[in-house]
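In the form predicted on its own, a lone chain appears below as structure tokens.
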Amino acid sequence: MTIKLNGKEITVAPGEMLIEAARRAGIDIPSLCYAKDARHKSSCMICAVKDCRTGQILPSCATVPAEGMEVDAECPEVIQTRTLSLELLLSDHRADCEAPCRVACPGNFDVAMMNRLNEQGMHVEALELMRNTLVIPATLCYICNAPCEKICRKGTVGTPVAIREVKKRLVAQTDLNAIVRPAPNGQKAAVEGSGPASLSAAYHLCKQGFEVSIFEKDSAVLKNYIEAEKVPEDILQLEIEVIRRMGVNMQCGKAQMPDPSDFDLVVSPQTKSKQPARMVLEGYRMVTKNTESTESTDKPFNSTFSRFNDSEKKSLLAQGGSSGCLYCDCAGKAGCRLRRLATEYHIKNPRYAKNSISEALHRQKIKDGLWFEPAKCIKCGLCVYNSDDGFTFKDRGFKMKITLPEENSANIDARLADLCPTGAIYKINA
């Protein structure tokens, strides 16, 4: 049959749902409670469209088109319905996308991932993560006022994680002889100055294969840009030596930059920030901009919840690895469709308060590498409808929730993690 969608005629196969007909025609209608070839029931209304003849708002994942139907999938009423639905679903999603420590860090450092790697004995990988983000991580620890530690959720139930001390211990394990220069790309780059932004730019250009030279008018690297007296000399020199061994040529006492025509790329960091970690981040961004990186600059939506209740505090007090980290970031955020859609629909501060009855950070182990966090669940039902003797609904109305009886854990297929739209079911290393 033929219908009109957004003013264009499209052909619909017999029995095909409207959402699939639209997608086949290149019109991307979003959804959360629906997945192709999976059992589902319409519940989220994220796939809303408008029947132009009746004015009715319909869920396209449960609508079989009729001959001559006219549908609008992008009018203001549809966008308003989807946005309202997203905000209602977010009120039932009691979780952080990013850990507060990362949000607070001026350098956008993934503290929780560092702790995970460190506690699994992957010290080299944890150190590499730090350097690839903060470049001079231990130096920053001595001159930073540690907003990450001040906002650490563990601090609301006990003692906050000593994040700076973890970083310092990792840096102390640096093996300079293990540092390998990146493969050259045949291009040369010049970087003006040796402040945090310049060192960061030089480091990341070097990672991309540039032959990098820093030109510093003063006689020493970095010292004139930070409160160097707060940083032990051996730490400062160690972190500068790491950058040298990466292949960065540091030329001090140069009053003027050389002829730009001698280089394929010249970077002169200009930043108003006085926060060293933010300067490091800006140095990285200058490089990705100058090298025409395709990295998205859209700031993703970040779900947050306010405080732990008394019951949560009691259960979380004894949790945490050797560092004490609660890992309050979402392990499933990379594939979270709820977050992606909240970003696309420009939701910043949802109008409805969190009202989930599930405990935040309560994690139920399903089987090796597979976990379930009820507080992240938006009750779409995909896990219920697509597991036999597995997940199930409990109670009705506002108290209704999805649970997994312990005896049903063995029946769960790991592919359910791919169906889950929020990261409530996720895979992670044991």
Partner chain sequence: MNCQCQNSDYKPALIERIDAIIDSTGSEKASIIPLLQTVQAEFGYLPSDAINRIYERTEIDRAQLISVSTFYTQFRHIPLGKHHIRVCTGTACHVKGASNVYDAFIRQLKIPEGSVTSDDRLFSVEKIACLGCCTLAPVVQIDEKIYGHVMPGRVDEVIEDFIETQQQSENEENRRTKIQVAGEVRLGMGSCCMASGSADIYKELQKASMELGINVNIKPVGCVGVCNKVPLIDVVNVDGTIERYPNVKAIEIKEILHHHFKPAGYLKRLKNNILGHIDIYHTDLTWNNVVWKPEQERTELISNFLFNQKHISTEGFGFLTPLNIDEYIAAGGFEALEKAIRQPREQIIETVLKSGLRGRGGGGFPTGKKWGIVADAPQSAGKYMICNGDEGDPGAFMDRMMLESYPFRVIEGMLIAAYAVGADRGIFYIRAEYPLAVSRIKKALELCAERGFTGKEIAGSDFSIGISVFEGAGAFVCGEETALIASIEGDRGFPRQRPPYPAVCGLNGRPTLVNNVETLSQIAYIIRHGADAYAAVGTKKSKGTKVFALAGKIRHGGLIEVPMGITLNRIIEDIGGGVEGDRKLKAVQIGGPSGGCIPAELCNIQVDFDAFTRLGAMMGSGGLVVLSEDDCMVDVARYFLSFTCDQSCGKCTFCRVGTRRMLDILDKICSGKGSMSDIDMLEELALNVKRSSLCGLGKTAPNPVLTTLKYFRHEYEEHVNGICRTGVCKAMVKYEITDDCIGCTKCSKACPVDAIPYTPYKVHTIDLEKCVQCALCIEECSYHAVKKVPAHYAQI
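Quantities reported herein were computed from a predicted structural model and do not represent experimental measurements. Positions refer to the first chain, counted from 1.
Omitted from view is the form predicted in complex with the partner chain, to which the following refers.
*Asks:* Want to guess which of 89 to 97, 179 to 187, 112 to 120, 302 to 310 is within 4.5 Å of the partner chain in the predicted complex, heavy atoms only?
*Replies:* Every other range fails; the passing one is 89 to 97.
*Asks:* Does at least one non-hydrogen atom of Lys230 fall within 4.5 angstroms of the partner chain in the predicted complex?
*Replies:* It does not: once the partner chain is placed as it appears in the predicted complex, Lys230 has no heavy atom within 4.5 Å of it.
*Asks:* How about Asp389 - does it come within 4.5 Å of the partner chain in the predicted complex, if we only consider non-hydrogen atoms?
*Replies:* Yes, Asp389 is a contact residue.
*Asks:* With the cut-off set at 4.5 Å between non-hydrogen atoms, does Pro59 touch the partner chain in the predicted complex?
*Replies:* Result yes; Pro59 sits at the interface with the partner chain in the predicted complex.
*Asks:* Contact between His362 and the partner chain in the predicted complex at 4.5 Å, heavy atoms?
*Replies:* Answer no; every heavy atom of His362 is more than 4.5 Å from the partner chain in the predicted complex.
*Asks:* Identify, from the list Lys274, Lys314, Arg351, Lys348, the residue with a heavy atom within 4.5 Å of the partner chain in the predicted complex.
*Replies:* Flagged contact: Arg351.
*Asks:* Which residue, Ile366, Met45, Ile29, Cys383, has a heavy atom that falls within 4.5 Å of the partner chain in the predicted complex?
*Replies:* Flagged contact: Met45.
*Asks:* With the partner absent here, would Gln80, Ser85 and Asn408 each sit within 4.5 Å of the partner chain in the predicted complex, counting heavy atoms only?
*Replies:* Checked in the predicted complex: all three residues contact the partner chain.
*Asks:* Mind listing which residues of 366 to 387 have a heavy atom within 4.5 Å of the partner chain in the predicted complex?
*Replies:* The stretch 366 to 387, when checked against the partner chain in the predicted complex, contributes Ile378, Lys379, Tyr385 at the 4.5 Å heavy-atom cut-off.
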